[in-house]
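A single chain comes next, written as structure tokens; it is the form predicted on its own.
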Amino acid sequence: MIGIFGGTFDPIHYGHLRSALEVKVIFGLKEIRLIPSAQPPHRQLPATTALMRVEMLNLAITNQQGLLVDTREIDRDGPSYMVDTLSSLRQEFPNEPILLFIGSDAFNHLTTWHKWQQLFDYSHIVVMTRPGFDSPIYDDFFTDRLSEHRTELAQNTAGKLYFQQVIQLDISASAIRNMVADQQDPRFLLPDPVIAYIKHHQLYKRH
């Protein structure tokens, strides 16, 4: 099974990395692909260039077995629609279960995503939840795909919806950018090599 973890990663931080590590272990994944978005459809453009975000990602996962950076959204022209990303992954891995990991906030807005129903044609969707998360009321589309048992994901290549509780560190990239802009110390929120990169390139400074 292959895990997909998308985002702007502007910058990558321990909230991203801890969740990726947990689901990799929980689901016994061969790998998790961190896929930085080039032109996110649902949010403003990233503060840094695509190349810089890729370089920070690579610094963050050095020597982390099973985590890798996948640049297909950056290499592709146009908006970074997840359905196109999953379609290309399915062509690459026709017989492999693919798990798309999203947060509960993203799941609440899933029906606004481009061709969102087709996501299930290419992958399972695993919603990472916090302790105490209240399950929403599903319509028939989601109810028909809801899985109560993790093992069902390994038995099918796509099409299931599953909720998995993880430890979610309350860290946000926007808060880190504001800290750097305010000349505060962001240590212990993201890897030291990423902090060094931010300082070296003077990223997130106020102009």
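Because the structure is predicted, anything quoted here is derived from the model rather than measured. One rule holds for the numbers: they count along the sequence shown, beginning at 1.
In what follows, reference is made to the form predicted in complex with ligand ATP, a form of this protein that is not presented.
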- Evaluate residue 191 for contact with ligand ATP in the predicted bound form, applying a 4.5 angstroms cut-off between non-hydrogen atoms, and reply yes or no. no
> Taking the shortest heavy atom distance, is residue 75 within 4.5 Å of ligand ATP in the predicted bound form?
Replying inline: no
### Query
Taking heavy atoms only, is residue 102 within 4.5 angstroms of ligand ATP in the predicted bound form?
yes
- is_contact(residue 186, ligand ATP) in the predicted bound form, heavy atom dist at most 4.5 Å: no
Note: ligand ATP not shown here; in the predicted bound form, the stretch from 22-30, 170-178, 153-161, 57-65 having heavy atoms within 4.5 Å of it is 170-178
Within 7-30, the residues having any heavy atom within 4.5 Å of ligand ATP in the predicted bound form are 7, 8, 9, 13, 15, 16, 19
